[in-house]
Ligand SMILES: Cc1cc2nc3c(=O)[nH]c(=O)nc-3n(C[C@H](O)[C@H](O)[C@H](O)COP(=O)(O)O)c2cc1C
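Take a look at this single chain in structure tokens; it is the form predicted on its own.
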Amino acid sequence: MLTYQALKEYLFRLDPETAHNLAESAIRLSRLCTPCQNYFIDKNFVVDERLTQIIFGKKFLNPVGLAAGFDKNATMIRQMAMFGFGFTEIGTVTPKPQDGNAKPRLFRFIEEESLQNAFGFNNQGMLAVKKRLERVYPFVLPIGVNIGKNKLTADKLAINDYKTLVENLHEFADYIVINISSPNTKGLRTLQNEEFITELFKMTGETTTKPVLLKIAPDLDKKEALSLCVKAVESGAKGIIATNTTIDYSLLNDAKNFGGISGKALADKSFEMFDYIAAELYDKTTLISVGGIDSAEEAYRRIKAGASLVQVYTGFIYKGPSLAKRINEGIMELMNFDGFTHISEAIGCERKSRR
């Protein structure tokens, strides 16, 4: 059977966005072959009570999820179990369809196992995504929906975009993520301020009973980031996702001067921000860690720091379709070494030891 490493050599000869679109088409086509889907589910999906959690009132069979950005238009939800993910997050979705930024806008840094993207919320829009979610929801795996404002929406009107998205999509999501931390929509990160966050979560609290989370950038001053996260939780946010991609271009040799960096180069910077936020908010809200996670060791580092769930994206591209399985099995080995019988004992154990 063709190995992923052999397939990757071919895919990596293609333009990165072309390779992604080709992979998406192949994943979507797998729905036509039920035996193939069952084979990969049996091969990759880890089911073990030691990893099972109830979060947001939903059962998460394992803590490793697919981060937003890979399945922008909710076209691959049914296939995510094939790759062993315990949950999936689609988007970022905007009210109106938009093409995103000019191409090329996705770049590989193979030696650093990292990517740099400047997509700009390219997606088919709320209505197209809603139709797909209606067909699949509720699903066996929890579904998160990541939402953002349209590029042409003025900042002072951004709250209307988020309200429209929540009103239309909340019925078909197990949780919703507010994205005001992508670096690829001009001015979006300026919405990371206490006034807007207070208004935003007041609105979501009046619009839906579904949990709404805030995703934070890794480039803010840590004290400022923590202040924003605390304000979000005080205003009704049910969780924090840390972090989005970074605009710290010093992390890569020959980085572009635009877009956001993801992957292994981001790992330490993302962890430092997560760890700082978790020091204050662990056991006060649900914390999800994302950014440079590509191994059980890195995932376990985030879990011990306070993450109930972790997400991967770039690591999935570099390490292949069995990554979630390897992470989940590795987490259980690390738990055994530490003498933990359930993941709940590992979550935040370093926080507990410091208090």
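The numbering used is simple: start at 1 and walk along the sequence shown. Keep in mind that this is a model prediction, so the values were computed, not measured.
Just so you know, the form predicted together with this ligand exists too; it's not on screen, but the next bit is about it.
J.: N117, K215 and T314: each with a heavy atom within 4.5 Å of this ligand in the predicted bound form?
T.: Judged in the predicted bound form, N117, K215 and T314 all sit within 4.5 Å of this ligand.
J.: At 4.5 Å between heavy atoms, only one of the stretches 190-198, 159-167, 229-237, 258-266 reaches this ligand in the predicted bound form; which one is it?
T.: Residues of 258-266 come within 4.5 Å of the partner.
J.: I'd like to check something about G91: if you look in the predicted bound form, is any of its heavy atoms closer than or equal to 4.5 Å to a heavy atom of this ligand?
T.: G91 belongs to the contact set for this ligand.
J.: Within a 4.5 Å heavy atom cut-off, is F121 in contact with this ligand in the predicted bound form?
T.: Yes, contact at 4.5 Å.
J.: Is it the case that K130, even though its partner is missing from this view, gets within 4.5 Å of this ligand in the predicted bound form, heavy atoms only?
T.: Heavy-atom contact with this ligand at 4.5 Å: absent for K130.
J.: In the predicted bound form, does L106 have a heavy atom within 4.5 Å of this ligand?
T.: L106: yes, in contact with this ligand in the predicted bound form.
J.: Ok, R78, K151, K72, K210: which has a heavy atom sitting within 4.5 Å of this ligand in the predicted bound form?
T.: Exactly one residue meets the criterion: K72.
J.: Scan A67, A299, I288, A324 and let me know which has any heavy atom within 4.5 Å of this ligand in the predicted bound form.
T.: Comparing distances to this ligand in the predicted bound form, the residue within 4.5 Å is A67.
J.: Could you list which residues of 239-254 come within 4.5 Å of this ligand in the predicted bound form, counting heavy atoms only?
T.: Counting only heavy atoms within 4.5 Å of this ligand in the predicted bound form, the contacting residues of 239-254 are T243, N244, T245.
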